[in-house]
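The same protein chain appears twice below, in two forms, each given on its own as structure tokens and labelled structure 1 and structure 2.
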Structure 1
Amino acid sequence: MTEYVGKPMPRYQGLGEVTGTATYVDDVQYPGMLYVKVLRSPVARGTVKGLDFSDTLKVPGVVGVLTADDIPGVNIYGVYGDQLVLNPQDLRYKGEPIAAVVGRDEDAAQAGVEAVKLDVEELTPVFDMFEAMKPDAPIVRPGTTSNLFEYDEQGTTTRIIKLGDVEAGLKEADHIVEGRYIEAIQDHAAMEPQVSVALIDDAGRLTIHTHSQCLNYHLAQLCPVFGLSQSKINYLGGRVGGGYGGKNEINCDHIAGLAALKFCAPVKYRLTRQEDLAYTGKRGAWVFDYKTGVMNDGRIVASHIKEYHDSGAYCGFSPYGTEKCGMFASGPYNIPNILIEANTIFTNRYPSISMRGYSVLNGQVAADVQMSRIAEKLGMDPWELRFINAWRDGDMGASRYVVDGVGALEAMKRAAGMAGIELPDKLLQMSSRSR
């Protein structure tokens, strides 16, 4: 191990990437390649009343169309099995795929999309998650009675994470500090937009060239869509082309694969940069309400956090992310009394998905802005406040996990040194090994 630990090692893929010789999915070409373009919902919420492809099929270069009726397996995928590959009727967000057109080149396929006669009854959407939580709000998911994700069969819509007695802790505190923190939607903006190449290989298998960040996980979702076992799919990963969590979601593989199965030809489906920005999943919006009880000496004795996460029109990764965020939303601090109330809310936006430091980062940002606000309230140095409350080995987190090998104090000392900040001796003498 001493040959590697603490020493710079060359990236095994680095040379191809810096010289431009690396092959990405969009570089893959096959003779007779067909191309896909997708007909997307022009409204944020609506009902399809009519869909006519007669003019589309007359466009020069158009090979055919792909609809939900062409799916040999199930028209559903996703972490929670609630997303539609192609939505033939009840549209939930602007840009949702309705059908696809396959052409001999992208221009022909796009012209075919533009020739589709689509009749949509537009309905009132809801974009704000607090509006979506109201009893009279438009329902995002047809067939449900509210826009809140239910965490169990009993219909629980608020995930509770509890340690100690937060009400008693707040009563004990010398000061109560409150704050609301709002985090907006963010895009991954990977260098290579979403793209997939699919074909039937010489062994009769459906081969898909993918930039998936989680091959086995996606393959398990794709098999039911194609109606094929894993042995009948050759799922080829490689260079991701930049992902940051944005390629943990299936965007192109299912549609390219379906087109290859229907037309028995190599098919490429790639999004333009504009399509990628407009129609793929993002880091969804979050809102946090903090109520923190703190003593005059800086010890935090209670933390009550209300967490709200905008899932978009489908679950995506959001219910999992909401829970994960709640586990760490109180920060890396030893707080004896914690109550976290977390909600996942559906709106008529594109589905929210993972992004670097997924969900943990969201709560950590809010937690540390709250810490700075507390320090200001007490007139205390913000470094000292964090040193006083930082986890030590053996402390307990919000979900009652015991932390070990923390290193929080040591990391802060190193960060202060790199920033040219001279910490007082009383802080430098502190250790994460004991309090």
Structure 2
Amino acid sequence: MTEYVGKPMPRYQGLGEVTGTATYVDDVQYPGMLYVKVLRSPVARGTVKGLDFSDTLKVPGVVGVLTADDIPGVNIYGVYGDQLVLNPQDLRYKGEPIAAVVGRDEDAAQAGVEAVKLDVEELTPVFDMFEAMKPDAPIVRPGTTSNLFEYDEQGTTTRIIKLGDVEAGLKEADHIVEGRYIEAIQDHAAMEPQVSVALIDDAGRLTIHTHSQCLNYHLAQLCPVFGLSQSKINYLGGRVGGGYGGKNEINCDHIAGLAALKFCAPVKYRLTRQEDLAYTGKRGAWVFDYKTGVMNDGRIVASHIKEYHDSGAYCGFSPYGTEKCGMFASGPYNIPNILIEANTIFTNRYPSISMRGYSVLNGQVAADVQMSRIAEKLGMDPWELRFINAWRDGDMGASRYVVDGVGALEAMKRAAGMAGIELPDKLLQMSSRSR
């Protein structure tokens, strides 16, 4: 074992990558393969009033169309089971799939999409989380009365993480420092755009070539859509041309699979770079309001954090991300009194999904920008403020976990060294083993 640990090893399957023979999903081709293009919502919120494919079916090279009526199983997928594969009715975001056109090549399928007579009644959308929380805001999810995610059957919309008594802590503090931190959406922009190839194989199974980052997880979502048991689906993955969380979401496998089942042919559905950027999941927006109580000597005694996460039009990964973010939003610091109030809010944006260091980093970035702001307010060296408050072994985190094997001080010392910053001796003498 020790001959491998800590030493660089040639990448598994790497010879295929350097010789160009590695097979990514878009490299897979079958004779007679058909291609899919998707009709997407032209509006951020609206109702479909008419959907007429008569001209589409006349386009040369168009083989047929795929609508919600063609789904053999259920028209539902997603982590929280709230997204529609093809939405024939109440459109919640711009680019939401309505129907698909299958053609002998992509140009024919695209011409078919453009020939669909789609009549949509546009409704007023809401894009801002704070607007969406107002009582008279447009409702993103039809059939509900608010844009806040409910965490339980009692309708709890705010997740609370509580340690000590934050009000008493803020009262005791010598200074109160407040800050709002806004983090915009981010796209994964993997080099490999989203793509799927599906066909019925020689064993009669639905075979799907996928770049899924989580095969079993997606298979469990796909089985009910196709109305097939797992043994009837050959879900072939393993080669991912960059994911970073963006391929934790199904964008093509469901539609390619449905088309292969309906037309009994190999089908490729791939997104162009423009489609990939416009229509696939993003790291959603976050807003944090911090109110921190700090003593003259730099000790933080209380932290009250309000967290708002934009889920987009469906859950995506957001309700879970909001909770996870809250658990780390007070940063790697020993704070005896903490109150974190977290909300997941629906807007008419694309559903938010996982991305690199998902949700944890969002809270920690805000927590550390707040630390710099506190240091500035106290006139204290920001390194010193962080060293004073950093976790030591045995300290307690916001959700009452006792931390052990802490390395925050050691990591900061090393980072300072690498950046050429000389820290004073009193900081260099500090250790995570004791306070």
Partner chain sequence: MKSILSFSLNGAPVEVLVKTTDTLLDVLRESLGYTGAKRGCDAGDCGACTVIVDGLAIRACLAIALTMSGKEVVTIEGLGKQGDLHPLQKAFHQHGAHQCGFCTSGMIVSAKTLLDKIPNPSQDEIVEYMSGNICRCGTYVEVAEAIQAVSGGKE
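Whichever C-alpha set is largest while still superposing within 1.5 Å between the two forms counts as the rigid core. Because the structure is predicted, anything quoted here is derived from the model rather than measured. Throughout, residue numbering runs from 1 along the sequence of structure 1.
Which of the two structures shown, 1 or 2, corresponds to the form predicted on its own?
Answer to the question: structure 1 is the form predicted on its own, whereas structure 2 comes from elsewhere.
For a quick test of reading the superposition: does Ala415 move by 2 Å or more at the CA between structures 1 and 2, rigid core aligned?
Where the cores coincide, Ala415 shows only a C-alpha shift between structures 1 and 2 that is less than 2 Å.
Superpose on the rigid core and then read off how far the CA of Thr19 has moved between structures 1 and 2, in Å.
With the cores aligned, its C-alpha sits 3.7 Å away.
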